[in-house]
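This document starts with one chain, in the form predicted on its own, laid out as structure tokens.
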Amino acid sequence: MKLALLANISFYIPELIAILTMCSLLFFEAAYSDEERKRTFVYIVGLIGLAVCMIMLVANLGTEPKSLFAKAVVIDNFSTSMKMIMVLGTLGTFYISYKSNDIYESLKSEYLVMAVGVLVGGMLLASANNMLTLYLGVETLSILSYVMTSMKRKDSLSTEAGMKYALYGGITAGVMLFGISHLYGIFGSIHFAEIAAAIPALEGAKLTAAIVAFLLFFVGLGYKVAAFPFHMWSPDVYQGSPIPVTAFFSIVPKLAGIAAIVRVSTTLFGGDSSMSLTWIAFLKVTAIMTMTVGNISALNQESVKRMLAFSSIGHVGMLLMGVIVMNEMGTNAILYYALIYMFMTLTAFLVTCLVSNRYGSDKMVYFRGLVNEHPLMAISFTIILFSLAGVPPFGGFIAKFNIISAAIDSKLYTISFIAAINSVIALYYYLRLAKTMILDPSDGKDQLRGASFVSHLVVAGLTIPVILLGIFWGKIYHLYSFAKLYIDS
């Protein structure tokens, strides 16, 4: 048994590299003195470590799916694909943190350490195959996230955001663990496959208790992805956190949580039992309320960070719609959406970071006339805003189209109509920011600090995939058709 567990480690190389990268970053951070402000070498170490991790993930694609560590973890093309997107998102936020004035210079390397630590938790969550592993993934994500939120120690908003995040996180983690303990009492197992096999036989009081326990269990995952009604923390935490942290939270924890929800839903509730019907009905209501509340709340926001927070809640609703489909078409649509969403989010927060460096604020009024000073940046951001709204021919349109098509193919007409209406609502607040950048007069002040030629190239480089994936989307979408979930029996 011990030898088998040791042999499993050879299939867990990307995660081990990420852990080694985190430890290396911690070592090199400790080698710096307080007087040394630049941490360029630490960034190089982080970049190399995650690049190697990415290479190993690519090498894992196409390999035979397998369960590791006594079936606690599953390695398959779905989890590997989601991990690749999370690693790319983490690398993107490294650049944002390097450019940002929102994080103190002396703490930038600490940001890298914690970001890689959260990434490790996200990778664990994406592969979790039992309740305990899933809970460990959520907690690994959360505990470091609380510290990242309050990195601006001299800013009361950041401190308040960290406290609020920790309080909400502690409560939801307790509720989730309470639900897991009841599920173990009902089924006598924490493994997804064994629970799934026992679900069809449930009836009477056991069925009722299991439904309540699963709803309590969902609280932890719903909180992590900011799904309604567990989204209340998100706008305040996003607004109070440093911009690189906000960008990171918008990608890695959310996508890890979505991956976990996909695996739980597909593995446990893929049949036609009354439990499965209840779970799907619950997800339908959650998806509808999440996208509607997120988009309506974003309409009149003046803070771009806060607007993007509510926007991300709306996108979670769309991703949950893909979960409800419960088939490969929905899974492929989710992966494609996650890839596009990662590029759009990185671009949006990078531009917001550069504007905030200039004014010390992310309010929309400071984006006025950006096209006059930085036309490439303003045009790129405008393309991203159109893509976020789902306007063709950009990648965001194809991502939403694939999700809605999968829902219609499964005869989910009502939620598909509501999703289309929400895309129209979202168009208003995205166009509002685009109009501020393109049509409103500039204030004529100095140029954006940190908006170097390289920064312009990075913004444009992040925008190009959004354009190309909107036009030549077929090949990537076909590639994701091989990213199937492995259901261990």
Partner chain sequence: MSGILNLILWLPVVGMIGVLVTPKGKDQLVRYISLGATALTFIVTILLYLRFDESNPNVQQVFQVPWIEQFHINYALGIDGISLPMILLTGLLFFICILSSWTITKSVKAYFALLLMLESSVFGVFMSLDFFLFYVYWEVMLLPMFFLIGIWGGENREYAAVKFFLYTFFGSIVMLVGIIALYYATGKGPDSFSILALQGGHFTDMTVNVFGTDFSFEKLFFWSMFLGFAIKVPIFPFHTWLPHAHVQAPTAVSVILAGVLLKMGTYGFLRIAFPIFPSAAVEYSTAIAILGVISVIYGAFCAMAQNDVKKLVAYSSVSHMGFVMMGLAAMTIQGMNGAVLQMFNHGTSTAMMFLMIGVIYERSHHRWIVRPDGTKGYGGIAAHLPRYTVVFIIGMFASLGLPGLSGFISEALIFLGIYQRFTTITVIAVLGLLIGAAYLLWMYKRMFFGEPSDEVKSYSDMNAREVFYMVPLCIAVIVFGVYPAPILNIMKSSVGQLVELMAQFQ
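Numbering follows the first chain given and starts at 1. Since this is a predicted model, take the numbers as computed values, not measurements.
Below: the form predicted in complex with its partner chain, not depicted.
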Using a 4.5 Å heavy atom cut-off, which residue among Ala51, Val424, Val454, Ala31 comes into contact with its partner chain in the predicted bound form? Val424
Which residue, Pro229, Pro200, Gly174, Pro392, is the contact with its partner chain in the predicted bound form, using a 4.5 Å heavy atom cutoff? Pro392
Within 4.5 Å of its partner chain in the predicted bound form, all of Phe386, Asn402 and Ile471 (non-hydrogen atom): yes
Is it the case that Val58, even though its partner is missing from this view, gets within 4.5 Å of its partner chain in the predicted bound form, heavy atoms only? no
At 4.5 Å between heavy atoms, is Thr414 in contact with its partner chain in the predicted bound form? yes
Any of the heavy atoms of Phe27 lying within 4.5 Å of its partner chain in the predicted bound form? no
Taking 4.5 angstroms as the cut-off for heavy atoms, does Lys435 touch its partner chain in the predicted bound form? yes
Residue stretch of 406-414, 164-172, 80-88, 357-365 approaching its partner chain in the predicted bound form, non-hydrogen atom distance within 4.5 Å: 406-414
